[in-house]
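A single chain, nothing else alongside it, follows as structure tokens in the form predicted alone.
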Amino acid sequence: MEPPKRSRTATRARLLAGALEVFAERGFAGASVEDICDQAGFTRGAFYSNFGSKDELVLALFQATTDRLLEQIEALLPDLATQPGTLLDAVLGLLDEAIGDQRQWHLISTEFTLHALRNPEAARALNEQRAMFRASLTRLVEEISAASDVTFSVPPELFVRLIIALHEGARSQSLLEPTKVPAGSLEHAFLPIVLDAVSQPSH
């Protein structure tokens, strides 16, 4: 018999996966708890034993993305001293790997951001999640900078905010016009210019 904790973890995972599909298809506002349960193969009781609301479930999706990013950074950090690589390639690569399906995630994150702009409680919770995500990337930037003997003229967190802002805006354009704006093209064209402007060798 499957242990209760493992069963609960599996139930949460299936509800989160089901929610991703439903939100991408019907939107955050248009998706009901019943829709999510039907997609995941569970009852409303199973949903509410894991999440208090749709907001809480979406925030759990953001948390899962942050957790994946943390795992990837922890795996990468031991090699930085001997193989620092390029800062931008590392950060942009991790952003894409942590998110997974770009279109699906863009739809969900954009809709929930709009929801948070109208709902102060959702905004506070989303800001907390995004702060954790930025903190993880900022740590990576600082570690790579130290390994590469590079210093910034601006706080690394501000540079990370700019990377995320450009990445999210560029993703929207590449999803709408994939032939004119291939994924990653704007970031790789302009972020090196910005990086050169705000950083310099330590010695």
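Residues carry their position along the shown sequence, with the first being 1. Values in this document were obtained by computation on a predicted structure and should not be read as measured data.
The discussion below concerns the form predicted together with a further copy of the same chain, not included here.
Looking in the predicted bound form, is a further copy of the same chain within 4.5 angstroms of a heavy atom from every one of Leu59, Thr65 and Arg139?
Judged in the predicted bound form, none of Leu59, Thr65 and Arg139 sits within 4.5 Å of a further copy of the same chain.
Spell out, yes or no, whether the shortest heavy atom distance between Leu162 and a further copy of the same chain in the predicted bound form is within 4.5 Å.
Judged by the heavy-atom cut-off of 4.5 Å, Leu162 is in contact with a further copy of the same chain in the predicted bound form.
Exercise: Thr110 in contact with a further copy of the same chain in the predicted bound form, heavy atom 4.5 Å:
It does: once a further copy of the same chain is placed as it appears in the predicted bound form, Thr110 has a heavy atom within 4.5 Å of it.
Check Leu92 for me: does it contact a further copy of the same chain in the predicted bound form (non-hydrogen atoms, 4.5 angstroms)?
No, no contact at 4.5 Å.
So in the predicted bound form, does any heavy atom of Gly41 sit within 4.5 Å of a further copy of the same chain?
Outside the cut-off, so no.
Looking at 65-73, 25-33, 139-147, 41-49, which lies within 4.5 angstroms of a further copy of the same chain in the predicted bound form, counting heavy atoms?
It is the stretch 25-33.
Residue by residue through 95-123, tell me which have a non-hydrogen atom within 4.5 angstroms of a further copy of the same chain in the predicted bound form.
If the 4.5 Å heavy-atom criterion is applied to a further copy of the same chain in the predicted bound form, 95-123 yields Arg103, His106, Leu107, Thr110, Glu111, Thr113, Leu114, Ala116, Leu117, Arg118.
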